[in-house]
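The chain that follows stands alone, in the form predicted on its own, written as structure tokens.
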Amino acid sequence: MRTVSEQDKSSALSVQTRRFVMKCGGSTLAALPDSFYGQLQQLQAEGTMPVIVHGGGPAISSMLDKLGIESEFIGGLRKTDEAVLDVVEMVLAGQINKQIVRRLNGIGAASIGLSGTDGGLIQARPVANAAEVGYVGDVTQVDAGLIEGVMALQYMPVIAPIGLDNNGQRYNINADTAAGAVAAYLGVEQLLVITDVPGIMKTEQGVKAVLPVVTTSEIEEMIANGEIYGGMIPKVRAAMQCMEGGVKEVVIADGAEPNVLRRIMAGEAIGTRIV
């Protein structure tokens, strides 16, 4: 993802409502109670607009199994050919995206579901190791104006991470990567990664504990020694990329924490803050 210029950010400042980007896995969102969605509705009502970017890995794996299509992961990324890509788009942009929108609308939050392919919202190119993983994409551009337009109508955007290149080829984009790019192009100060773990864990004297604050250099060290592994690697890599793009803070927190969103918005130290 390229560094976002001041000109890119200028259009993102046209709406003065306080905003933040929230990334959440589809399975995590499905398991969260109505009270979590209630926090989103309350924040929207009070003038803070969430922008949601979601994943859906377990649901994709389940559907691939039902259809008898093999799937594997390489470095935390799903190997994606055209057959897998069809299922990824169907599950993310169809099933998961609309489930989230229905649930938000059901509690009185105004929301609209979008795919990264809608209006060319997310532009993408193949990842560096595309020969290994297939149609997996890195974000080259996000149309912040489209998201701003949705928010100006007082709707909460809910975005499925599918991208397109200039030739119309679809790409499966890791949701953490997509969320980081959306946050950078919108010019928000904060990206929240809501997951089912309490934060980044580190073993000290044989005991695992949550790191309240971690630096990017510490993250690189923890990846190298194996303390950060699997699906957490794309999360922290995306966090570091979006901070290079101007986002000041990334918080990784457990969505099951009571009132987690409102507490983070109030400045309470929850989960892990990446600086």
Ligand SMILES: Nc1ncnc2c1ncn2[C@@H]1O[C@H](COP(=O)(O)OP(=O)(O)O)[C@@H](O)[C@H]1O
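This one's a predicted model, so the numbers in the text were calculated from it and none came from an experiment. All residue numbers refer to positions in the sequence shown, first residue = 1.
Not pictured, yet referred to below: the form predicted together with this ligand.
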{"item": "Partner-facing stretch of 41-49, 27-35, 212-220, 237-245, counted where any non-hydrogen atom is within 4.5 angstroms of this ligand in the model of the complex", "value": "27-35"}
{"item": "Position in contact with this ligand when the complex is considered in the model of the complex, options A109, I100, I194, V150, heavy atoms within 4.5 Å", "value": "I194"}
{"item": "Contact test in the model of the complex: L146 vs this ligand, heavy atoms, 4.5 Å", "value": "no"}
{"item": "This ligand contact in the model of the complex: M201, any heavy atom under 4.5 Å", "value": "yes"}
{"item": "This ligand contact at E249 in the model of the complex, heavy atom, 4.5 Å", "value": "no"}
{"item": "Partner contacts in the model of the complex for 228-246 (non-hydrogen atom within 4.5 angstroms of this ligand)", "value": "I228, Y229, G231, M232, K235"}
